[in-house]
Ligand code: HEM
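First, one chain by itself in structure tokens, the form predicted on its own.
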């Protein structure tokens, strides 16, 4: 069950388990971190650089550096975890039958894991051919 409180003290009283409280805290922190990571991403790619100059060569040069790979991977990981946890709240609220909820979560978590694996593989294993 999703915690509907806006303050930590109220959320502690409302949480059924410590894990649920940790997810509640994670949603607040990851949302804030994601806002700054995405604003930074947009600033570096849309403001500091002319949009017409962004092509494969620019992306390849940028992603050949480990720092940018980790930065983009952090956005990928936090966005999938944050979105997946939000979807878990929605499924808990809307899918009433426990068996259907279980199998829906299995499919959703499987898709999230596949997207994370594919995104990580694309970021870290692709040779961009930049010397």
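As the structure is a prediction and not an experimental result, all values here were calculated from the model. Numbering follows the first chain given and starts at 1.
Same protein, other form: the form predicted in complex with this ligand, not shown, and the subject of what follows.
| message | Using the site C-alpha superposition to carry this ligand over in the predicted bound form, what's the verdict for this chain: open, or blocked with 3+ ligand atoms inside 2.4 Å of backbone or C-beta? | response | Result: open.
| query | Can you check whether residue 40 is within 4.5 Å of this ligand in the predicted bound form, heavy atom basis? | reply | Flag for residue 40 set to no.
| message | residue 61 versus this ligand, in the predicted bound form: is there a non-hydrogen atom within 4.5 Å? | response | No - in the predicted bound form, heavy atoms of residue 61 and this ligand never come within 4.5 Å of each other.
| message | Is residue 35 part of the interface with this ligand in the predicted bound form - any heavy atom within 4.5 Å? | response | Yes, residue 35 is a contact residue.
| field | Contact of residue 95 with this ligand in the predicted bound form (heavy atom, 4.5 Å) | value | Looking in the predicted bound form, residue contacts with this ligand do not include residue 95, since no heavy atom lies within 4.5 Å.
| field | Heavy atom within 4.5 Å of this ligand in the predicted bound form - residue from 106, 49, 74, 90 | value | Checked against the cut-off, the match is 90.
| said: Given the stretches 65-73, 51-59, 95-103, 81-89, which is the single one in contact with this ligand in the predicted bound form, using a heavy atom cutoff of 4.5 Å? | reply: Going through the listed ranges, the match is 81-89.
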